[in-house]
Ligand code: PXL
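Next up: just one chain, as structure tokens, the form predicted on its own.
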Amino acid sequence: MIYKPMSCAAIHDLSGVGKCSLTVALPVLSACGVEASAMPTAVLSTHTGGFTGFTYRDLTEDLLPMAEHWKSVGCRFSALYSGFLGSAEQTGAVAGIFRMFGGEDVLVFVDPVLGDGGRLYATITPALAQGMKELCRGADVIAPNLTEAAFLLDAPYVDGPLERPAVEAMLRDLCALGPGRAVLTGVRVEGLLGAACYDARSRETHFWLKEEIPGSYHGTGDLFSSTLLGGLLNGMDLSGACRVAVDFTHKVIETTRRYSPDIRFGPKFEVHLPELARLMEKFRAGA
């Protein structure tokens, strides 16, 4: 096996119950052979999707001091990975962290968590949304869903199936904002559902689509993005990493639908982590 040390700073919220954000990113990246360091932006008793009465502790004031301490003890990362952020102030702090730990050999991956179904989430203020857009401008890879892409592009949200040329144009426009690579999730094309990706360097677009599984599954966006990032850090090209992420997320959703009586508690990915680890190990060995 060829092993190249990989590390990632994951900047997300931490929900104690209801797998999403850090409780998805850390195990998935670890299964991919990536040493993941956690920087929680907030701590919640549960996530906010379907639960009520949850506790919430904002950690905005801790982000830069944490990063400065990491820097002082010599931390370096192969990737910087941000997801859901709780305030405009946090987008500014994350931008500072990207500057602090960034470099030519550091992959900056932004999952611009802003909304879904054509609407921004209730916690997303105009200032926060604008801050997220600025983070995307400075990223190497972004992975919005259709709602988030529409906002980033100041374009109308289209609810329903899309034609391939429309998706390709959207991906090119996303890369024109600044990132060299873009992945669009929740893409419905030709009766199938999945993701499409575009690399501005090669000018290649790829679609990876599967049969749609009915329902809405909280935490699967984080699952997809973390798997995608894990593939990229293992040396996969964007298309290969996107294919792995689509296949893995689809498999996990099938398991969740079959065995979870309450999908609020998040995707049942644990049983599939050994498969993901073997796949990444096999790829590294052949690289």
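The first residue of the shown sequence is 1; numbering continues from there. Just so it is clear, the structure is predicted and the values come from calculations on it, not from any experiment.
Keep in mind that the form predicted in complex with the ligand is missing from the display, and what follows is about it.
Residues with any non-hydrogen atom within 4.5 angstroms of the ligand in the model of the complex fall in just one of 225-233, 243-251, 47-55, 29-37: 47-55. Under a 4.5 angstroms non-hydrogen atom cutoff, the ligand in the model of the complex has F84 among its neighbouring residues. Shown alone here, C20 lies within 4.5 Å of the ligand in the model of the complex, counting heavy atoms only. Interface membership of Y121, defined by any non-hydrogen atom within 4.5 Å of the ligand in the model of the complex, is confirmed. For the chain shown alone, V113 is a contact residue for the ligand in the model of the complex, at least one non-hydrogen atom being within 4.5 angstroms.
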